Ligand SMILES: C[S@@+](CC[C@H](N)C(=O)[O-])C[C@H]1O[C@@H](n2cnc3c(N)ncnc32)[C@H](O)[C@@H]1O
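Single chain ahead, written as structure tokens, the form predicted alone.
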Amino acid sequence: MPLPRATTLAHRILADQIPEGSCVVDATVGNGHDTEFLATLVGDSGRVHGFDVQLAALQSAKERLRAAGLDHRVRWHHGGHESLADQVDDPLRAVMFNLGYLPGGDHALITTAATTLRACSSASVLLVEGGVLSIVLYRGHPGGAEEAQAVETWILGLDAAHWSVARYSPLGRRREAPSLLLASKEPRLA
């Protein structure tokens, strides 16, 4: 049996962490796979905020969600995830990032360390206790290794008294395979 891909593993883990009625963010909508997954979990009483800089990606994802009957659960944001704090003030249960470039899209349009770190910082403040930050990293494209290193350094710098972090990465591959970073915001002790 093959091991699950990083994106599949992220879905499996988050499925148990996001109750109906939650407010969540898909920070990189892309083709809408994560957006659809999140919209299914939050139910009609929840909300997904979806961000993407590419209008074509948002349109494609909107069609996907409309076909699934889930588009009313999503608030779409045409812009970069670095504007998360300016666009969302709801307490968040989860924030998902699937970094890199849009599969099938322009490979020159990529996420960058600067914008991703700003978005991660905003997400860390908006997450409720028990909330989860999920980040799928890709190192194989130009700029990917630098972004991955910056995000890993940032996540390792989170206060261990208030955060639980993990990294899931395949070993023994010729090419650098995607990896998954998770950070859970721990309840503060009184």
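Residue positions are given as counts along the sequence shown, with the first one as 1. This structure is a prediction, so every number in the text was calculated from the model and none was measured.
This protein has a second form, the form predicted in complex with the ligand, left out of what is shown; the following refers to that one.
Just one listed stretch, out of 154-162, 127-135, 50-58, 65-73, contacts the ligand in the predicted complex at the 4.5 Å heavy atom level, and that stretch is 50-58. Although the partner is absent from this view, residue 93 stays clear of the ligand in the predicted complex, with no non-hydrogen atom inside 4.5 angstroms.
For residue 30, a non-hydrogen atom is located within 4.5 Å of the ligand in the predicted complex, even though that partner is not displayed. Proximity of residue 102 to the ligand in the predicted complex falls within the 4.5 Å heavy atom cutoff. Contact check for residue 88: no non-hydrogen atom falls within 4.5 Å of the ligand in the predicted complex. Along 1-16, no residue reaches a heavy atom to within 4.5 Å of the ligand in the predicted complex.
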